[in-house]
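There is one chain below, alone, in structure tokens, taken in the form predicted alone.
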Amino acid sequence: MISPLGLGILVLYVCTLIVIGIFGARITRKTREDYFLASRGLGSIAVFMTLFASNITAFTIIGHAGFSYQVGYGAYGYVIGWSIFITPFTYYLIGYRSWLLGKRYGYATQPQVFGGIFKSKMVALLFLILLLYYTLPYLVVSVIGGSLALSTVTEGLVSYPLSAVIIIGISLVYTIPAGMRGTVWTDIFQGTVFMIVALLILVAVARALGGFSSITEQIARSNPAMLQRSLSAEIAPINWFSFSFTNSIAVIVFPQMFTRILAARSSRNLKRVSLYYPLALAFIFGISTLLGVWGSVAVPGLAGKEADNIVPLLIKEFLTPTWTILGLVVILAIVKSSIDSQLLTVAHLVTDDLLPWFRRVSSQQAVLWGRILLVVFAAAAYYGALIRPAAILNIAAFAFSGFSVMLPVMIGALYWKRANKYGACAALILPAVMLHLWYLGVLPGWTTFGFMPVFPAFLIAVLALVVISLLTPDPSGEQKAKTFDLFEEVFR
């Protein structure tokens, strides 16, 4: 039963989001640049918090905790792996040069940046199609996680379908009127909330289970395999390498992350993010790992998709009703800070990069279309959440893989003058086809040589970009000068 204090906390949380949306709507101008990019005026704190909060999804506190429940403490290194260093490095490696091009030429999306570098509408279209295709499953992950949490905490009083409606609906309340500015401000608020309250919940659960030493003794006595890295074949070295590789390089390709980098006010902001981000990432994944492993002895017997419920179950069974509401707020803050940014970004991609193929869209019309498309994609995400085709980790792995194999084209475009549109098209199409052949089981598993499909697909992307570019005409001097003269000017 929800206590009056708990109900007050929940109402305060929702009202704060609505107030942010109302205030953001008042100062957001009805222009494409302001609605989708906040007029490229995000400061250091805003860039850091929005990148971090947008990247922390249901996979972190729901999916990863469920994975930790099944495989033990080894899940921490499996997911963090290289991400703690490589992900923030890519913010600078890819983000800085892209930001320079965006500032000089007004680029606002990946299709514009890389279509512009290669001077190719086909490259831009392929980026658009693939980004939309891989973002929608990842958006569904966030909706699934939040809906599971809300339904579990309320003991089914709020059904799973109704939970999905509530979560998506609240996100739309502040995203539709305020655009990028509203999502960034709520990211700052929600990121602060889930970092602080998640730590408090971890401490409260530890006390309820008898303390850290007591929990460790229980694990060692009843399920000692949880303390060993080799518990599951899923975290064997070759799989650890594959997933860590994917998890670390995919984030910069997420369109919601890339767009936020373009919205930064200064390049110094990107450098500061590279310093702060690893600490925050290690912190939040550490909490979800501990909760998942502790749950394996506190709430044993969960299997498959049921393990994704472990955090809500721990809170519900071992803490007071008020803590239950706080736990729900943490989960909602995490999933909604991703849902709003993903919804806004896919609407932005369609508005800026697809509609112009069919009709001329003015700046004010772009804002109207963006708001309409927010509702359309929200409905699509709701439908996907109802189907719930696989465990959260599996959905995330597919989406991560798709984003990861697009990275070679982005690096080649920004750093290799010989890369051309033919190589870029081949490097976008071939790996995407191969990923589907592997994930759908058309190609036998041995053809990946034990790695996750993303790793050989990534190598195919690199080879396709290099070989096809070398076998086809060199880009014109004017085309290369547009990109690389700017870099030489800045770095000199």
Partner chain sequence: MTFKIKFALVLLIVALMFVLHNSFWLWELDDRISLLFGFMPFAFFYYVGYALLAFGAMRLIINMAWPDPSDKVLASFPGEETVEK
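On a predicted model such as this, the values are computed, not experimentally measured, just so you know. Throughout, rigid core stands for the largest set of C-alpha atoms superposing within 1.5 Å between the two forms. Numbering follows the first chain given and starts at 1.
Form predicted together with the partner chain: not shown, discussed below.
The stretch from 378 to 386, 315 to 323, 212 to 220, 184 to 192 that comes within 4.5 Å of the partner chain in the model of the complex, counting heavy atoms only, is 212 to 220.
Taken together, the three residues R29, W82 and F241 all come within 4.5 Å of the partner chain in the model of the complex, as judged by their closest heavy atom.
Here is the short version: of A397, A413, V113, L270, the single residue with a heavy atom within 4.5 Å of the partner chain in the model of the complex is L270. The listed set I129, I170, L93, A206 contains one residue whose heavy atoms approach the partner chain in the model of the complex to within 4.5 Å, identified as L93. Contact check for K103: a heavy atom falls within 4.5 Å of the partner chain in the model of the complex.
Residue contact check for F254: none of its heavy atoms lie within 4.5 Å of the partner chain in the model of the complex.
Contact check for S44: every heavy atom lies farther than 4.5 Å from the partner chain in the model of the complex. The partner chain is not drawn, but in the model of the complex it has no heavy atom within 4.5 Å of S159.
Contact annotation for 478 to 492: residues with any non-hydrogen atom within 4.5 angstroms of the partner chain in the model of the complex are L486, E489, V490, F491, R492, listed in sequence order. Positional change of K417 between the shown form and the other one stays under 2 Å at the C-alpha, relative to the superposed core.
Put the two forms on the same core and the Cα of L200 is off by less than 2 Å between the shown form and the other one.
Core-superposed comparison between the shown form and the other one: the Cα of L368 travels less than 2 Å.
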